[in-house]
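We begin with a single chain expressed as structure tokens, specifically the form predicted on its own.
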Amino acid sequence: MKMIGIMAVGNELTSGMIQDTNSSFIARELGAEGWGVSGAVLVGDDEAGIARMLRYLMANSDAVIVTGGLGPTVDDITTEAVAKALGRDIFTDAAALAQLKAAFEAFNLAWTENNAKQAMFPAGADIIENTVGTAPGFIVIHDGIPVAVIPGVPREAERMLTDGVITRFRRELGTTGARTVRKTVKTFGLTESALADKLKGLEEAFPQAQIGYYPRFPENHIVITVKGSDAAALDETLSAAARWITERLGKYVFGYDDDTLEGVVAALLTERKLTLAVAESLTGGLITDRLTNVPGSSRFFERGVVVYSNRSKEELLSVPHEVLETKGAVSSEAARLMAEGVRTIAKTDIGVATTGIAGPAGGTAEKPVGLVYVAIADGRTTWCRQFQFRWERRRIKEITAQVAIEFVRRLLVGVDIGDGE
């Protein structure tokens, strides 16, 4: 098996200010090609450190991929460090420089001369075009070892890896015929331990597959990995394992692979020609943001209102003053009236509402921080459920938005929401 080293460059990574997502993406893509990872390292913006680690990876790998440090600022030194490590001069590529200037003009960005360093490469390098950003990448073959260097911006790195690096590595390293394929089953509503308990026997049923449990708050994902050379057999194993999992988890499975909860809900609403309106107090627009992030959301999403104050709940949703005074804005009564009110004023098929106490202050013995109500109304029934979440403010808001969108999915697929009347 060909082994490839991965190096991510940047002080923002070594300081922990930004998470390195590129290395995990690269590792997955390499695995799909039948290649392994000899090592993955983080290096700060230090020329000597980059050069030293590059030489180490080259000594222990069949190829190396480096991300980050290709921008125009003084701390973007990856190109110089790679050239130094390989003992090569640096040159300015006229065509790349012209493309850079054209991109700045197209994006209506002001050109400054420091951007010209993005068109500089080690001698002998082949340039990788950047179709989603500005800085090009490059590949240089040194002592028979391909070294690919691409930007650190994730969407740029991902596109350039798949469009440029992988294709070139196939030529340089060859292909084994072996494949690594994966399928992700996405769930919400069960803890990781509860999932594992419900899926007892999975590994025994599919010994040829590797099973991984990956928390992605507020979701939990189950990743099935299968390796082999028979494409049909691999696909059948993945499909059978996913069916096995889905049958046992039932309503807790909302999608697969690249599915998002909001995307699944959007597809269901669009398919059934149903419309939705949202009234948000606690979540402050998070539900609206997620739903409208789906292309074509105007087909189903009529409006979202943030009704944070009691006055806004009264004026915009017609929630009676006496309800807010006697029961409080954080109550099942208020949540139900909010869902019904937004549905009525928007003239939609479905209305959703959230209210609660995100903290860290504002809680009482009767209504502690983390108390949340989510309601949904469809004109025939109004459901409301109470939750007591234990996380900090941001996570309470995020999981409440997730619950609200999940309620819509469950309503549409006929799964019990609970507490109906």
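Whichever C-alpha set is largest while still superposing within 1.5 Å between the two forms counts as the rigid core. This structure is a prediction, so every number in the text was calculated from the model and none was measured. Sequential numbering from 1, following the sequence displayed.
Quick note: we don't show the form predicted together with a further copy of the same chain, though the next part is all about it.
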query	finding
Every residue of Y214, S297 and K397 near a further copy of the same chain in the predicted complex, heavy atom within 4.5 Å	yes
Stretch in contact in the predicted complex with a further copy of the same chain, which is absent here, among 62-70, 370-378, 349-357, 25-33 (heavy atoms within 4.5 Å)	25-33
Touches a further copy of the same chain in the predicted complex: L316 (any heavy atom, 4.5 Å)	yes
M58: touches a further copy of the same chain in the predicted complex, heavy atom cutoff 4.5 angstroms	no
V413, heavy atom within 4.5 angstroms of a further copy of the same chain in the predicted complex	no
Contact of S312 with a further copy of the same chain in the predicted complex (heavy atom, 4.5 Å)	yes
Residue (of L274, L249, A242, I345) lying close to a further copy of the same chain in the predicted complex, criterion heavy atoms within 4.5 Å	I345
Answer option from T292, T270, T175, T260, heavy atom within 4.5 Å of a further copy of the same chain in the predicted complex	T292
Residues of 9-24 having any heavy atom within 4.5 Å of a further copy of the same chain in the predicted complex, listed in sequence order	E12, T14, S15, G16, M17, I18, Q19, D20, T21, S24
Large Cα move at E12 between the shown form and the other one, threshold 2 Å, rigid core	yes
Per-residue C-alpha change between the shown form and the other one, V374, threshold 2 Å, rigid core fit	no
Core-aligned C-alpha movement of L42 between the shown form and the other one, 2 Å or more	yes
